[in-house]
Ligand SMILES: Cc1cc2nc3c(=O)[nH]c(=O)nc-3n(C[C@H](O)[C@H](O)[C@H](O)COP(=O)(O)OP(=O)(O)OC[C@H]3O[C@@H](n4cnc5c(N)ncnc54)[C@H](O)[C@@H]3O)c2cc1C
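First comes one chain, alone, set out as structure tokens in the form predicted on its own.
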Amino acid sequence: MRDVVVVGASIAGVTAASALRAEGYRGRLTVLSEESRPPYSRVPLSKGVLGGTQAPETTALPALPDDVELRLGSRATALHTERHLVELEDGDPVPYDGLVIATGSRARRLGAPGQGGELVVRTLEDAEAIASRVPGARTALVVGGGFLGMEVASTLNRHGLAVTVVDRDPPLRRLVGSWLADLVVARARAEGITFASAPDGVALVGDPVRGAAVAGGGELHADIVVSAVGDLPNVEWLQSSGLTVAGGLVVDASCRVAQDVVAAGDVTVVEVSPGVFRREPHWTSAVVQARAAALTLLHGAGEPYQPDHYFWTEQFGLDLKMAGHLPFTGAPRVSAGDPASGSALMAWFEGERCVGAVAMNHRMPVVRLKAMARAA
């Protein structure tokens, strides 16, 4: 291959480009980024950047190799697989011999078309927009009690805002299981977080958005309203490509999409059973998948992608590193520390087989934690 193009400068795209060079690819390598800023990590956005305690430039990912061309402000609008061309919104089509699709996802929004003021956390600009409003705000409403929503709530709470989290389901339960979720929620309540249940859904009210209507529960109002209700894979530009899209771009076990095309990261889905597709929109999965995709593109048949079931979140003074298949069922065995104190090493079992492990404010190395959970 003389020309490899990576569409998307997410952690998946940057990892794939670096892996291609590390594996010996010496042809032309181009990374197309829709954003105008150099590639950055999204991990700090809901924490330091949103809270105004971390400068945006500190989020930069390690620089790409010098011989990789990074083209900022280059949004892909269409893919022609038969002609091996990527169309751009502003510019000539980009030809390729090999293609890595890593266009990631965007924040899902609840607001009606044309309704302004809905805040989300997906880009640096998003986090900066919220941070700019924190000094003049007293209250915040976070719609969504998943990892992101709870991290946003924790950050805003730490900066002195009275925060309410509203969701259809009990916060975190679907993600980590009731035992661990209840422990974190109890900690959040102790920090002053208020929780509201909206089993029939939430509708944002006002223009600009100033609150949320909860069926049967009236309206909740706040100075800042943040939606953290999931994400949508960026696949619209692929609709006429002939590639298979089913809630995301479908990849095989080696991250292959089609001849000379691979994909990695939040844009992808894997068919786990006939007609059933699964996404794994997590940082660790994106990195592992990107490396597998690079190997497949170079060698034609790479090692099957093995999901890395490792997750990390930091909220309400709890640093939670989790390995294994979420959610965890029942109560864990505590190997060290005391969960009530906020520091513990815990493991979940099915019979005598360990299926998950959590280090809560504990210095267990990640590699050992994964091995403990048989997720390494």
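Throughout, we count residues from 1 along the sequence that is shown. Everything numeric in this text was worked out from a predicted model, so none of it was measured.
Although not depicted, the form predicted together with this ligand is the subject of the following passage.
*Asks:* Considering T164, S105, S254, T81, which brings a non-hydrogen atom within 4.5 Å of this ligand in the predicted complex?
*Replies:* Result of the distance check: S105.
*Asks:* Looking at S74, T139, S178, S241, which has any heavy atom no more than 4.5 Å from this ligand in the predicted complex?
*Replies:* Comparing distances to this ligand in the predicted complex, the residue within 4.5 Å is S74.
*Asks:* Can you say which of 347 to 355, 52 to 60, 35 to 43, 331 to 339 gets within 4.5 Å of this ligand in the predicted complex, counting heavy atoms only?
*Replies:* Going through the listed ranges, the match is 35 to 43.
*Asks:* Would E151 count as touching this ligand in the predicted complex under a 4.5 Å heavy atom rule?
*Replies:* Yes, E151 lies within 4.5 Å of this ligand in the predicted complex.
*Asks:* Please check if A188 has a heavy atom lying within 4.5 Å of any heavy atom of this ligand in the predicted complex.
*Replies:* No - in the predicted complex, heavy atoms of A188 and this ligand never come within 4.5 Å of each other.
*Asks:* Check A264 for me: does it contact this ligand in the predicted complex (non-hydrogen atoms, 4.5 angstroms)?
*Replies:* It does: once this ligand is placed as it appears in the predicted complex, A264 has a heavy atom within 4.5 Å of it.
*Asks:* Does any heavy atom of A9 come within 4.5 Å of a heavy atom of this ligand in the predicted complex?
*Replies:* Close contact exists here: in the predicted complex, A9 approaches this ligand to within 4.5 Å, heavy atoms only.
*Asks:* Taking this ligand in the predicted complex, which residues along 111 to 126 bring a heavy atom to within 4.5 Å of it?
*Replies:* Stretch hits, in order: V121, R122.
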